[in-house]
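First, one chain by itself in structure tokens, the form predicted on its own.
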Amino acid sequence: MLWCDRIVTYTRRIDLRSDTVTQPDETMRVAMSAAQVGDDVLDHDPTMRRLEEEAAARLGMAAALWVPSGTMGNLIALTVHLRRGDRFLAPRAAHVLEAELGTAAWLAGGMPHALEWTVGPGRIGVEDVRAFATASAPYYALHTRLLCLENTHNFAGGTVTPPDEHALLVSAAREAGLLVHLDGARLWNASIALQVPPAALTVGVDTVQVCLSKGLGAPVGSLVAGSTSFVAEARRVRKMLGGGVRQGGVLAAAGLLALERIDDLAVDHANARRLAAGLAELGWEVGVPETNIVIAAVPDVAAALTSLDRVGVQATSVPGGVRFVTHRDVPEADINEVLRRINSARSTSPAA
């Protein structure tokens, strides 16, 4: 992949850095402005209550709690589940290990242990769990208490764990006496990719976190779900972390509309496949995406991002590659435009 030195200025930039850049449309803004509200800390805002009940039902969980971010949702779950010094297991490069500022250790007090991808990109196996969940270790050894799964796996390229594989991992954790938390920030994407209800991907877990602002258009918000007793404690921890809201119904109204748009994620997946296929035709080293994340391996990540920026295409870096994320604010026409811009900027030398 070579780029020419000429610079063409594009006034309209196409943002593929993340599906978090989506903005609420006019319909969502109207819903937010008309939301019935109350003081959520004192009385439990009525629209927030509706959102939490709807999300819990979709996830097959007893209850749910709105939180400002997925990072806070994961932190709350780990804080409730772990005792200080407890080890928790997670797939290598999981979001809780790589992109949450070490809060699992710093605030939740857990000792993280990364499990290698032995089944596929972002996917661990049953034996990997069993190997580090030994209950017969001496008193001074690390106590493994929690398995933290991630579906889809962000940094592996939005890869999906199917229901049967998920069930085996949860069963292995249960046999070893472990709790299970599922980071499902993009669980909706996994549900669409596998054509199964979201609840089919949460079977057996103690807690799950899902995001409303990734690809669904909500400006902010995630939910953490579990048993009623867990959510009662989670509400206390959220307050400790400064995550309580007052008239939260304004934000919850956006979340309710976001839940109605989950099926739209199929368009993002199709656009990701279109982008990947087009990049491959242009000589990029890229696999077929399972959901809405495309990762292309490049020899010089910084140079690739600079070249993309020159043609008005925004992406982000991952180790050894460039990450593109398709979303509702980038239609198929823009995907075609991205490929056109990249193609037009390629070197015309025979080595290109």
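Residue positions are given as counts along the sequence shown, with the first one as 1. Keep in mind that what you see is a predicted model, and the values were worked out from it rather than measured.
Keep in mind that the form predicted in complex with a small molecule is not shown, yet the notes after this line are about it.
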### Message
Using a 4.5 Å heavy atom cut-off, which of 269-277, 235-243, 168-176, 148-156 contacts the small molecule in the predicted complex?
### Response
148-156
### Output flag, 87, 89 and 206 jointly within 4.5 Å of the small molecule in the predicted complex, heavy atom basis
no
### Message
Would you classify residue 185 as touching the small molecule in the predicted complex, given a 4.5 Å non-hydrogen atom cut-off?
### Response
yes
### Message
Please determine whether residue 252 contacts the small molecule in the predicted complex, using a 4.5 Å cut-off between heavy atoms.
### Response
no
### Message
Check residue 202 for me: does it contact the small molecule in the predicted complex (non-hydrogen atoms, 4.5 angstroms)?
### Response
no
### Query
According to a 4.5 angstroms non-hydrogen atom cut-off, is residue 189 in contact with the small molecule in the predicted complex?
no
### Query
Heavy atom within 4.5 Å of the small molecule in the predicted complex: which of 78, 124, 211, 218?
211
